[in-house]
Structure formats: C-alpha cells, structure tokens
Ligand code: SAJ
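As a starting point, one isolated chain is supplied in structure tokens, in the form predicted on its own.
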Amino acid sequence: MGWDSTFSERAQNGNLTVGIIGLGYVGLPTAIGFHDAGFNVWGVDISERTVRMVLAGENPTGDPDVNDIIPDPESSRWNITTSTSEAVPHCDVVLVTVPTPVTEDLKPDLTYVIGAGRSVFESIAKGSRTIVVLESTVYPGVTAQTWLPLVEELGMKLGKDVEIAYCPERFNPGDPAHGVRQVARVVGCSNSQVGEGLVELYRRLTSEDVRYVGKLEVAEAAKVIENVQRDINIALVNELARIFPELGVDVEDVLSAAATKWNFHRYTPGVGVGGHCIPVDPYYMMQRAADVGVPAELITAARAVNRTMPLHVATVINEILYKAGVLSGSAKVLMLGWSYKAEVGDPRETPAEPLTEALLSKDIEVYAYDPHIDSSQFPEEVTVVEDITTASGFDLAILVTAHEKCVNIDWDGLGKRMRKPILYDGRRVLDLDLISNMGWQVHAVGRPQ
C-alpha cells in the first residue's frame, strides 16, 4: 500500500511491511529489530550464502550481538530472499542498507547505492507510493543525485509511485547498549508528511529520540559529520602520541592529566582507525567539499594522520627490534587481534592490514591470532595462529585489537615461549607494569621507548 493518510496509524500499530535490502552488519540487525517490533519483514541479500545462513538461524556477520536472535524461519512475518523483485511488491517501506565504500583512489563508490536503487524502483508497482529509505552513509546530495534520475528514467513519479527519504543507521556493532533499538534516529525527506510518518515507524524500532529534520541533505550531512568528528578527535590524540614520546613524555599521562578539566574529551591513541565508517566517511565529505570548491583542510589532515598511523607504528616496532638485536629478515612478530574492533569479527578496513604491509616491507615476518576471525579472512602473507597457548618463537607481540582473549591471555606463559619477550601495546589497555614484572620488555603507542 505504501504511503497514504493512514501510514502513521499503521506504523504505530505495527501494521506495515518493511523491506530491508542488504543483510550485512547494518541490514540484518535492522531487519531483526523491525521483526521484534511487530512488523512484517522482507529481507533481501544478493549473497546466497547469507540468505541460506539467515534462513538456518545462523549469523553470517561478525557481530556477536546478532547471535541467537535471528527469528525462526517459520515465522509468518519473517521472509528472506535473494530476489528484490519478489520482496518489494509486498512492502510499504523499503530500507536500503548497502555498503558505501571508497575506491582505490579514495573516491566515494556509489555503485551499490545506485544498483540497489535501480533494483528496488524496477520492482515497485505504479501508483503504490512505496517509500524507499536510504540508510547507508553518503555525502549530502547523494540520495537525490543518484535516485531521482533513476525514478525519472523508469517513468515513475515522485509523490505518486514512490517516495524517497534518508534515515542514517547509527548503531554500534559489538555494543549491546547502542544497538538498532537503542539509538536516536533522524529522518530527512522533501515531503514533510512522509517524513513525520517515518518518525512514527522508527519510533516503534528504537527507544531513543526520533525526529524529522527536514531536507534529505540535512540528514545525510548529520550522519557523515558524526564520523568525521570522531576521525578528527582520534587524529588529535594519535598525533600527540607521535609527539610526546619524542619529548620523553607518555601521552597517556598527559591525557589523564588534561581529563581532570570538566570540558576535556578523553580519547585514546591506537595503531590505527578501522571499520566501515570512520576510515571511509571523511572521504565522502572531502569529495563533496571539493565539488563545491571549498577545501576540507582539517578533515583531510585528520584523515592523513589516522591513515598513516599503522606506518608510524611499524617504524617504531622496527626500531625496537633493531635495538633488541633482532636483524631484518629474521624477525617474527605476533599480532594479537586482527579485526578492527574488540569482540567483533569484522576485518573490514582494519589497521592490522596496513600495519602488516608495512612490517613485511621491512622484512619482518607476521603471524596473527584472532579468536573472532576465520583463518580464510586473513591475507595470504600472514601465518594464522589458531591456538595462542602453543604460540612460540616470536621476537615481539603487538596488541592490535583489544579482544578479551587477547588482553587476558597467559602473559607469563607466552613470555616464556617467546624468542624475545617484547610487547607493544597498540591499544593502551594492558597493565604494562604487571606484564613487565613477568619479564617482558614493554612498549606502547605514545609511550617513550
């Protein structure tokens, strides 16, 4: 049925069918959330493996919060398919949650947004006023620039056959306190009535604030700058982590001292920034700024700092090994953690990869242990350690990801099996004094050697 004067009432009552295009780290939890909120759900993914696993009640993502909450495939309100054309005609609202990566030359890649939009619009019945909502992160103007030409090309009319809106996803994988049902949402839509109707829909999904913010571009910009701001804040502490050790000062001591002031925002440096948001979204804002002729100097500088942090860490590690008498070509390093984030099995944009490339370029052999990542997801150049209790013969261990099983390993036992018990804490979460007392030589990002 799509949009009509009863939409808000039907949304409040759960009497709508919601389609989700893309059942990845965002789409699957979103589909589950709407199902749990009482809506009829159609989930679509082009991956037969993903669809097969979801229908079997298995979690195809690396987010542990999705484990054991996938609806029973026998539920009459839970429909999963690889066919957009099968799903869309059943839906009042279709949410598009496809990836928005960057190309090799760091330009926005809108291929998935355009492809999904075309598939959805081709499947909409004329006159249905089906609402199509983009949830993927984009720069201001993308929804209109990519989808309105498709609507026109297919001979459809906005306001008669289809309505378009934008409501960015905001949930935090691996963080049960900020899942799809616990985060505030914003809705952008040129039709204010449709926008307010979508507010009622999302209010059934989340316990937090939902508001209509006006134009599509406002909601698009809000999402992208949320991650830009975090990139800038992290870049500041990462830059300080490079400066203060040269002054003989531990950056963590400085940050802890500064944090005694009421309005200081505390961030922690690390080996790099990973995931599918913070390392990617700034490039979308940089591109849009370039399109309108305004230099995004601060955003660009922050991205450069965070992007080169793994290279900086590799240089420091190489110096540590050299001072320890470990010659190039003979060094063996063990990475503890590979995914971009603690307790999440997601290797996308992980800083472990550029760190590995930098170490390999210095003739340092790289091994890796990550209890959340399948061995098939590691690069070929990395030797996978399946059992940390048998790991031995390494010259240095790097904490890359603060998984509980990486932080709380048997440091005494591992130290005895190391060729040289040298540790580099790339996340500043370890009790270095305690580990040092076990015989380890300890180092950390932002700490003087």
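Start at 1 and count along the sequence shown; that's the residue number. What you are looking at is a predicted structure, and each value in this text was computed from that prediction instead of being measured.
Here the subject shifts to the form predicted in complex with this ligand, a form of this protein not shown in this document.
- Contact with this ligand in the model of the complex, judged as any non-hydrogen atom within 4.5 angstroms, is confined among 93 to 101, 205 to 213, 358 to 366, 273 to 281 to 273 to 281.
- Checking Ser123, Ser128, Asn227, Asn79 for any heavy atom within 4.5 Å of this ligand in the model of the complex turns up a single hit: Asn227.
- Of the listed positions (Arg170, Arg181, His372, Arg288), a single one reaches within 4.5 angstroms of this ligand by any non-hydrogen atom in the model of the complex, namely Arg170.
- This ligand in the model of the complex comes within 4.5 Å of no heavy atom belonging to Arg10.
- With a 4.5 Å cutoff on heavy atoms, Lys341 counts as touching this ligand in the model of the complex.
- At the 4.5 Å threshold, heavy atoms of Arg427 reach this ligand in the model of the complex.
- In the model of the complex, Tyr322 stays away from this ligand, with no heavy atom inside 4.5 Å.
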